[in-house]
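Same protein, same chain, two forms; see structure 1 and structure 2 below, as structure tokens.
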Structure 1
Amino acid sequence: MAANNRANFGSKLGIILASAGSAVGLGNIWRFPYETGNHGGAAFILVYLGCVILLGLPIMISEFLIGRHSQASTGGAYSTLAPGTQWKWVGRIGVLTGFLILSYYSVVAGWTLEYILQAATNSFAGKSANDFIASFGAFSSNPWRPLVWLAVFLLATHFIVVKGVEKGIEKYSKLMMPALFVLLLILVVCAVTLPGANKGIEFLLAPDFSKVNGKVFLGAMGQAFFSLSLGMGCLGTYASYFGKNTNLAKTALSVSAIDTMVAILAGFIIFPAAFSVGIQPDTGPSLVFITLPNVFQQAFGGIPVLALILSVMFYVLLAVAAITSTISLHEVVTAYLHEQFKMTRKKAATFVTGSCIFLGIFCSLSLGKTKEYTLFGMGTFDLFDFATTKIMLPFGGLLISIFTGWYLSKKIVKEEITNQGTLKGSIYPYLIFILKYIAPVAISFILINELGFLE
């Protein structure tokens, strides 16, 4: 897209919902619960909230101001703001990160399509928790079925990205995000009233600080970046479509609040349900796919039609939440190829879709057929997740905070925060302090500390 005729989002609500659409996705409903489960529950959530407030919010504001000021997608933003320097690598690493995330994320997004089909054909009826565990295992390790869904999901993303994002994303997000929210609330009520649900609530609310170690910090920090779509320029790219009057700090606050609320709500569905039917909280990536069908089964047991309708609706909304996220990832890589290599948008998008399907196949197969091929003890799926979420995104966040805190002229930062002096911008001094000192030190500390453990 040419810098001088960039499209804009139509309304303030549209801006918030489209950004929230990128942020809210499988990260909240699939990844957050299993990471919380893997890291012992409530204490992890507290560390996570700390990461959102102290690192997520300031870095989101940074990405916003970089994007809006440069009026460029992340691939070009740094060359615009820091011409002739090596800062362009922040954009390039971001594009690579987005590409890798899109590949494995689409595998899981594909699973949601399978579950729509299962829900719609009433295949959950009459099954026990163990049946769900077995059927998920059989499905995810099936050598071809998940691959078909992966391709379908990426092609759907492709179609929307090629059509032009702004109108599409904004329109969908406005409709679907509130619907998702309401449905989550209904499911929370169902889950917490299941027999034995209180153990799950305790798991979420009573922190056991003996479980906090370096891994918890790395996990929580990575999850915060992943869930808020930070560290690779995704929201920066969206911010280049923001209007001059958009209040960046307030928008960042709304997006982070919505994102965090959805994750916590997901926790209040998954854990009460898991404890109620005796599924271990540290089951890993399959957690949501084996606990939720139980909720649908039991909570609406009396009225099967209601159970069917709500479960179909849930997986449809989950797929929609996922696609508003995959669109944002796809858009970053497509815009980069389009702008830097002078490919047409369509060609660039086709290249991205094709290579992500290719890489996604390896990710998917690594959960079944090719399980025994590992690197650092991880299969392709786990390796992509680990490398992007726990290393590349925090590293990107580190560079973004240094760029805004130290490199970028304070005049630009202030102008963007105050919208050319029309807003008070009282957060400015705190923002600068965090970006200059707290974020770089905290992120480096956690990264250095934890990556040492890798050997």
Structure 2
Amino acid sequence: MAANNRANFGSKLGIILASAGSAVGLGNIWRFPYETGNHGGAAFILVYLGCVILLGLPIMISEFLIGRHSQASTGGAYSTLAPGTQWKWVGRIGVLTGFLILSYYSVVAGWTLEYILQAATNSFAGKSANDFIASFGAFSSNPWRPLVWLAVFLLATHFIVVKGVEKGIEKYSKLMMPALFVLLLILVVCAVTLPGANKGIEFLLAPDFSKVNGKVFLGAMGQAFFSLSLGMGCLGTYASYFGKNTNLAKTALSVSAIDTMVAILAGFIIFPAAFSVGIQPDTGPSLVFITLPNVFQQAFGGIPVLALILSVMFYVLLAVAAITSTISLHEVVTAYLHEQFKMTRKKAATFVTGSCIFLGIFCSLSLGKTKEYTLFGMGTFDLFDFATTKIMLPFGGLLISIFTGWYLSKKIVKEEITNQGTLKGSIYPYLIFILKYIAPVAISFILINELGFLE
């Protein structure tokens, strides 16, 4: 194992909040509520919680122990633990996945800044549902405005990453994650007190098990996998900054709990508000940038100042959730370049920021000006999204489970789980069993389902 001359997180709270920030993102705000809506409400949530425990936690613990034991970024961890083997490609796939996700995710993240500005200038007032659709279409296909916000968002991310682990990532995670929770709770209170909100609350709390089938389990497994940021290198890279006294299992449990709590609270904002005005939540960007502005205007338009304030708060919430994720994605690639190519941290971060802005331009333009140019029937944005979420993430997770369950020395696994014998490690046999037999099969089904073969 490499000598520990790396920067470390300064506190247990910093470790948990930074790791949770990596997991919490835009997917918690729109994908989880939509998946919940499509798969039976509360019944889906119960199945999802089971998938987090059975699948999410073991893979997260695997990434944690690989990162901490190797004391290397994801890109170099597998070369350290399995020198001279082809396992090195698992880490490199993780770096590439993080890089591609950062390039197109930052486009959508930049949109949150545009909508903060629109909300703050009261541009939502008096608009109809069709007006919101037209407004979003005009903005997302604009040849230059989204590019400005893309650059602003990536430069803000760059500023934090360049500051380093403790003074940058940890410091800002400690500020942003509590702010995110405060915004969530305020918006939840406002949403659940709306007239007719009880229908949305009932939908989230009263399980309809008649809707539970194989698709629900596959959807829950996929959501658990993607929501927890598994397979993209973020958690392994962050774990390389963990101290030797960090309890990996407890940290994984805390991160999973925070991530799930954010997703469920987002549901308590979206469903009560949408049900109160008779609007059905949609999927993807349309939920966040078309449906919800309409919901806020209909639900709170009778008090214009309240509608304005809550709209601004919601998009600030989205921006905070997005930047905690872009920081971790940026760090995956920055740490790899810094360690493997001996670049200074600032030079490595600058290369990542510049490259992602360059690729992000193509991703953004593919939604408008260059949408007629496609590969495999997809523009650059959709191609990056498909390749990473449908193929690279599940494939990376599959390899991580096989590596930890079958290849990595069980002595190393047990040492990391028990902190060199100072903890009981009663979960060890269950962890190994899941990683060997259950996780590979479950992730294989996720991969097959995401590729559309089980339709």
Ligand code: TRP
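Whichever C-alpha set is largest while still superposing within 1.5 Å between the two forms counts as the rigid core. By convention here, residues take numbers in order along the sequence of structure 1, the first being 1. On a predicted model such as this, the values are computed, not experimentally measured, just so you know.
In this pair, the copy labelled structure 1 belongs to the form predicted in complex with this ligand.
When the rigid core is held fixed, the Cα atom of Gly196 travels 2 angstroms or more between structures 1 and 2. Relative to the superposed core, Leu113 shifts its CA atom by less than 2 Å between structures 1 and 2. Once the rigid core is used as the reference frame, the Cα position of Gln340 differs between structures 1 and 2 by 2 Å or more. Once the core of the two forms is superposed, the Cα of Lys211 has moved 6.2 Å between structures 1 and 2. Shown is the Cα shift of Phe275 between structures 1 and 2 after rigid core superposition, which amounts to 3.2 Å.
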